[in-house]
Every structure is written in structure tokens, then in C-alpha cells.
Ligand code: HEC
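Below sits a lone chain in C-alpha cells, taken as the form predicted on its own.
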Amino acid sequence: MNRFLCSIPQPGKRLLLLTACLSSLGGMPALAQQAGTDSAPTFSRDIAPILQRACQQCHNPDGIGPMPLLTYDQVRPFAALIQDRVSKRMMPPWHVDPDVGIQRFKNDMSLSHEEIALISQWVDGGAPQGNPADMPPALELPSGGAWRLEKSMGPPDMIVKSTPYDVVANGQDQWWTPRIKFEGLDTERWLRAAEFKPSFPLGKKVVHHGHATLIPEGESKRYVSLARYGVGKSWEMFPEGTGLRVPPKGEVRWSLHYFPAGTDVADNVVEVGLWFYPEDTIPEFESKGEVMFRVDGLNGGTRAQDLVIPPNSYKALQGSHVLQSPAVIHSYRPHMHMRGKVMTMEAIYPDGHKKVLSQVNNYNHNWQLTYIFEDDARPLLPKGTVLQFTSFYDNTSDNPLNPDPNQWVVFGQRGVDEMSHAWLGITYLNEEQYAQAVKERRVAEEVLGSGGTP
């Protein structure tokens, strides 16, 4: 069995994989439950805080992780497996190149070199529990069916539901594209945040990713991106003073990608929660939400005519987009499939200088992570900037996720096909807004030494 599979959060197979993973690691060592010296790391004092910050949001009884990691008794049997996965940076899932581009993110769950070394030292020292009195207070984790944003924002102002769909126990990728009327608003409102919530518990096991877009009443081409979802990414919150304009009526078009998990899931419904600014509030900046920037098919032909990967080969694609107005980028989310390995986002500024903004160099299709920039590190780009995206694919046996390196791979919706685009959380600015933003960024850098990236 490929050892890389131990990190794949594939629904319905996690517990089976764990047994095989432990076997592939040569079995668990006999862990001495000893009290370490003052200098030796212990679970209670040193390891538990790391797990709380980076692991327990998924590894809890209601989370998508295959086993809870809340207590010493839960963690101890998996100590060697944890050491192996964190030392290879397979867990926690965070695929940004740590040495290239902007490194300041609001949702950074990656472990530092020091944290990884501490975990290894703890395991090599017998994984002692230490003094239980040193344990940090337990986290207040939301239940599996709760809205993740409710703790900070209260319940949603509005909930939109898909129509039911029956997911079979075993089979290929499945798509569900229902349309529903969007009603309930008396007037146009400004969206502050949105959350995409598959049903709990079975819905979360079978929904791989999805979109909910709103077509305003009387229109056919314009759409509003209400919410987008992927495993590892469920919500979007706009920066302070920024919102998404939502018309009062229209039609919500769903695009839901299901993947069977070994259990029938009948009448599955997906919900989207919406949080609005107060009715009398108009935010200063209007965001477009997550916007697709294509890397393939930009030379005038049919989309993806250039996305053809021969058997046992590599492929690189590059796509460029010229900004017709200034913009600020809030978040970056690459999208490829099983052969995708790297996606780089660069800015070529009007004066000719070039800068790598972000690079995902360890892409994993099983996770659809959004990388949310810190406010004073968000790329602030002038009109005329060229956003250049480069995708790299590995269709060889060296790619652990590759289902069959002997196949030709072309564009398609299935996980075994390929795609090449990036979702950017982006807000376009006018020249006055851009000039003011640049001024504020420079002041912040001078006063705080923030190191933001204009």
C-alpha cells in the first residue's frame, strides 16, 4: 500500500487506511508513559497546545479527521503516525511553499520547524504524558452540524437550501445541478459573509466541492457568487468595509460534486448561510467574491484545448490576465485535479518588475484550501498589472495520487481528468481608492514594520 495514502481524507475509507498506515510504519513502538524531565517535552505541556491550534478543528468526534486527537489517551496510539506525517508536512494540510511569496495568512495551520522538531523529540522520548495539570483548557468546538461562523457572527440572516439528492454507496463522481428561486429579501442587500454547509454527518462525507451562484431576476449573463465549497474550505468572510451586492430576487444555480463513500446517502441537502450588513449600511468596497482566473485555453480556442497530458509525462501551462482596474486580492485557491502538483501566482507590474505572490508547491486534490492573506499583506495591484498563473502536472508513477500514469489526461470534471484555474477573492478599486490604500499600506509599514506587499 502506498504510504502517502495515509494522509488522504477520502470519505468512508479513513479507518481502514489507518490500520494499513500503522502496519506500513512497522507498528507502534511501546510508548512508555513516563514523566519527562523538565527539559523533555510532554504531551500536557508542549504537544497539546500544538494539536489545539493546528489539528483539533478536524480531529474531533464530529470533524472530518479519521480519529479524535483531544486527549492523551486518544493521541498516544497514533504518536508515531503523527510524527511521520508532520515531519513530511503531509499533516496538517497546508500546501503553500514556505520559502516563496507572501507568508502571512489569517488561516495558516502549518507547523513551524520548531513545532515539528518538538513533536519528534516527544515521540522519540517515549511520548510521556507529563503533568495533567499542565494541560491547556479544552477548546469549545462547534458540533458537526453547526455553522462555523455562528460563534463570531450569530446565526445566518438567511439560509438557502438545495433540493435533495440520493448519493449511491459506490460508483463514480456524481453531479447535482438543481435550480431554486431566490426570494426573501425586500431590497438589494450587501453580503458580509457566507458559509456552505453539507448535511451532517453523511453529507460531509460525500460532498467534495460545490458552488451556489445567483442569477438576478430578468438577467441571464450576470451572476453573483454566493458561496463556494471544497474539503477544507467552507466559508468566506469579506474584509471590513467590503461586501458583495446581492439582488432581492433571482435564481440560485447549484453545482454540487458528490463522490460515493461506501454508504447510501438519501435525500442529501446542502445549505448556504448568508450574513448581511445592516440594511442602511453600504460598504465602501464592492467585492466580486471568488473569481475564476483560467490558466488553460487562453489562446483563442476552445477552453482547455491545451490541457492534454501524455502518459508518463509532465505538463506545464501558463495563463496571463491584465487587470483593467486596480485591485486587492484577499485570498488564493488553486484548482487542479489528481495530476496537479504546483500552481504559482505572479504579478508583473506596469513598470516591468515581477514578483511571486504565492506558490502552492504541494497541491493535493483531496483538499480545496483557500489561503487568506493577512489584511496588511494582501496583494495591492495597480491597473495594468499582469496576473500570471503557472500550473505544473505530474502524470508519472512518482505522483502518489496518480490513479494511472499510462493514461492520456484531458480536461474534464472528473477527478481523474484535469482542470487548471485559480479562484481569487478579489475586490476591484477605482484610482482614488487605490491611491488611498497604497498610502495607508505605506504608513502601516513605516509605523509597524508590517512587511505588507503592495
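Each residue number is its position in the shown sequence, starting from 1. These numbers were taken from a predicted model, which means no experiment stands behind them.
The next section is about a form of this same protein that is not shown, the form predicted together with this ligand.
Peer 1: Which of these stretches, 402-410, 388-396, 61-69, 418-426, has heavy atoms within 4.5 Å of this ligand in the model of the complex?
Peer 2: One stretch meets the cut-off, namely 61-69.
Peer 1: Indicate whether Gln57 is a 4.5 Å heavy atom neighbour of this ligand in the model of the complex.
Peer 2: Contact check for Gln57: yes, within 4.5 Å of this ligand in the model of the complex.
Peer 1: Heavy atoms within 4.5 Å of this ligand in the model of the complex: does Gly289 have any?
Peer 2: Heavy-atom contact with this ligand at 4.5 Å: absent for Gly289.
Peer 1: If you check in the model of the complex, is Gly243 within 4.5 Å of this ligand, heavy atoms only?
Peer 2: Contact with this ligand, no.
Peer 1: Does Pro93 reach this ligand in the model of the complex if we count a contact as any heavy atom within 4.5 Å?
Peer 2: Yes, Pro93 lies within 4.5 Å of this ligand in the model of the complex.
Peer 1: With this ligand left out of view, choose which of Met135, Leu81, Leu380, Val252 has a non-hydrogen atom within 4.5 angstroms of it in the model of the complex.
Peer 2: That would be Leu81.
Peer 1: Name the single residue among Leu357, Ile309, Ala327, Val86 that comes within 4.5 Å of this ligand in the model of the complex, judging by heavy atoms.
Peer 2: It is Val86 that has a heavy atom within 4.5 Å of the partner.
Peer 1: Which of the residues spanning 364-397 lie within 4.5 Å of this ligand in the model of the complex, based on heavy atoms?
Peer 2: The stretch touches the partner through Trp367 alone.
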